[in-house]
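The data below hold one chain only, encoded as C-alpha coordinates and taken in the form predicted alone.
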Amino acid sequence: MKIAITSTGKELTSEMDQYFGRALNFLMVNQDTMDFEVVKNNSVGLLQGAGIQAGKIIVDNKVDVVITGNCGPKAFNVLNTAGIEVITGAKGRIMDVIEDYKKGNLKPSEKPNVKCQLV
(Lines give C-alpha, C1' and ligand atoms only; values in the text may rest on other atoms or scores of the structure.)
Protein backbone atom coordinates (compact mmCIF):
# COMPACT_ATOMS: atom_id res chain seq x y z
CA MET A 1 0.00 0.00 0.00
CA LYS A 2 1.31 3.42 -0.96
CA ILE A 3 0.77 6.24 1.51
CA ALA A 4 1.35 9.93 0.73
CA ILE A 5 2.09 12.13 3.70
CA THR A 6 2.40 15.91 3.57
CA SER A 7 5.89 16.82 4.73
CA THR A 8 7.99 19.86 5.61
CA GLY A 9 11.16 17.93 4.76
CA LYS A 10 12.57 15.00 2.85
CA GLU A 11 13.09 12.33 5.51
CA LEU A 12 10.93 9.99 7.58
CA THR A 13 12.05 12.00 10.61
CA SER A 14 10.62 15.20 9.08
CA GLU A 15 7.54 16.83 10.55
CA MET A 16 4.26 16.62 8.71
CA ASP A 17 3.15 19.69 6.83
CA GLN A 18 -0.29 20.60 8.14
CA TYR A 19 -1.66 21.87 4.82
CA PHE A 20 -2.32 19.49 1.93
CA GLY A 21 -2.44 21.89 -1.02
CA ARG A 22 0.44 24.02 0.23
CA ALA A 23 2.64 21.23 1.60
CA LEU A 24 6.28 21.57 0.56
CA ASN A 25 6.65 17.86 -0.21
CA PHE A 26 4.80 14.58 -0.30
CA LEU A 27 6.59 11.53 1.03
CA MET A 28 5.30 8.50 -0.86
CA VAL A 29 5.86 5.64 1.57
CA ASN A 30 5.47 1.89 1.17
CA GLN A 31 3.95 1.06 4.56
CA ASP A 32 5.40 -2.48 4.59
CA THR A 33 9.02 -1.76 3.67
CA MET A 34 9.15 1.94 4.70
CA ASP A 35 10.89 2.66 1.38
CA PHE A 36 9.91 6.12 0.22
CA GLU A 37 10.35 8.74 -2.42
CA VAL A 38 10.03 12.50 -2.10
CA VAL A 39 7.74 14.28 -4.53
CA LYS A 40 7.98 18.06 -4.51
CA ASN A 41 4.65 19.86 -4.50
CA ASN A 42 4.93 22.23 -7.45
CA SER A 43 1.56 23.83 -6.66
CA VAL A 44 2.74 25.55 -3.44
CA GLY A 45 3.07 28.97 -5.06
CA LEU A 46 -0.23 29.03 -6.95
CA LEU A 47 -2.61 31.83 -6.03
CA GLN A 48 -5.61 29.55 -6.58
CA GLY A 49 -6.11 25.86 -7.23
CA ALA A 50 -3.19 24.59 -5.16
CA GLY A 51 -5.31 21.85 -3.58
CA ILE A 52 -6.61 20.63 -6.92
CA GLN A 53 -3.13 20.52 -8.44
CA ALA A 54 -1.70 18.80 -5.36
CA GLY A 55 -4.52 16.27 -5.62
CA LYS A 56 -3.54 15.56 -9.22
CA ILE A 57 0.05 14.92 -8.11
CA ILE A 58 -1.24 12.31 -5.66
CA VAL A 59 -3.53 10.69 -8.26
CA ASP A 60 -0.70 10.57 -10.83
CA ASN A 61 1.52 8.79 -8.29
CA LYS A 62 -1.10 6.05 -7.76
CA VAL A 63 -1.41 6.55 -4.03
CA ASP A 64 -3.88 4.56 -1.90
CA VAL A 65 -4.02 6.79 1.20
CA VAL A 66 -3.22 10.45 1.94
CA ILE A 67 -2.42 11.53 5.47
CA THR A 68 -2.36 15.25 6.23
CA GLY A 69 -3.33 17.78 8.83
CA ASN A 70 -5.86 19.76 6.82
CA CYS A 71 -7.56 19.22 3.48
CA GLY A 72 -9.97 21.61 1.78
CA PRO A 73 -13.09 20.68 -0.19
CA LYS A 74 -11.65 20.95 -3.72
CA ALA A 75 -8.62 18.78 -2.95
CA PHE A 76 -10.77 16.36 -0.96
CA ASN A 77 -13.10 16.00 -3.94
CA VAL A 78 -10.21 15.25 -6.34
CA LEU A 79 -8.84 12.58 -3.99
CA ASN A 80 -12.22 11.10 -3.10
CA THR A 81 -13.27 10.88 -6.76
CA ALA A 82 -10.07 8.96 -7.50
CA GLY A 83 -10.85 6.48 -4.71
CA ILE A 84 -8.01 7.67 -2.48
CA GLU A 85 -8.61 7.44 1.25
CA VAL A 86 -8.02 10.77 3.01
CA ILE A 87 -7.03 11.04 6.66
CA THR A 88 -6.96 14.51 8.22
CA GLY A 89 -6.04 15.79 11.67
CA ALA A 90 -2.68 14.00 11.87
CA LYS A 91 0.46 15.68 13.16
CA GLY A 92 3.99 14.84 14.21
CA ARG A 93 6.94 13.11 12.58
CA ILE A 94 6.28 11.13 9.41
CA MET A 95 7.56 7.85 10.89
CA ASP A 96 5.33 8.22 13.97
CA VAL A 97 2.28 9.00 11.85
CA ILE A 98 2.85 5.87 9.76
CA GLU A 99 3.06 3.77 12.92
CA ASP A 100 -0.19 5.31 14.16
CA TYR A 101 -1.78 4.44 10.83
CA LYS A 102 -0.53 0.85 10.97
CA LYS A 103 -1.95 0.48 14.49
CA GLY A 104 -5.35 1.67 13.29
CA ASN A 105 -5.22 4.90 15.29
CA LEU A 106 -5.94 7.09 12.25
CA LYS A 107 -9.35 6.87 10.64
CA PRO A 108 -10.50 8.01 7.18
CA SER A 109 -12.18 11.40 6.95
CA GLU A 110 -15.69 11.61 5.58
CA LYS A 111 -15.37 15.23 4.52
CA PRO A 112 -12.83 18.07 4.27
CA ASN A 113 -11.84 19.67 7.54
CA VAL A 114 -11.21 23.23 6.28
CA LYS A 115 -12.98 25.64 3.96
CA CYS A 116 -11.43 27.03 0.79
CA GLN A 117 -9.28 30.06 1.47
CA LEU A 118 -7.73 32.57 -0.84
CA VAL A 119 -4.14 33.36 -0.03
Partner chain sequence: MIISVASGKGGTGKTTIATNLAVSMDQPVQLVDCDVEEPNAHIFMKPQITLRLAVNKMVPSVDMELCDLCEACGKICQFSAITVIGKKVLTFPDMCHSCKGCMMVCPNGAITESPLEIGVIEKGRSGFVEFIHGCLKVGQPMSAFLINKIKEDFTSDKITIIDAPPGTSCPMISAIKGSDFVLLVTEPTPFGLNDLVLAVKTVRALKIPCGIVINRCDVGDMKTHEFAEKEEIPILMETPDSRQIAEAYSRGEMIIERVPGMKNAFRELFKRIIREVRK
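This is a predicted model, so every value here is computed, not measured. Residue numbers count along the first chain shown, from 1.
The same protein has a further form, the form predicted in complex with its partner chain, not shown here; the description that follows concerns it.
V86 falls outside the set of residues with a heavy atom inside 4.5 Å of its partner chain in the model of the complex. Residue contact with its partner chain in the model of the complex: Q48 places a heavy atom within 4.5 Å of it. Put simply, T81 is close to its partner chain in the model of the complex: some heavy atom of it is within 4.5 Å.
Interface residue remark: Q31 is not counted as part of the site for its partner chain in the model of the complex, having no heavy atom within 4.5 Å. Highlighted residues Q53, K56 and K74: every one comes within 4.5 Å of its partner chain in the model of the complex, counting any heavy atom.
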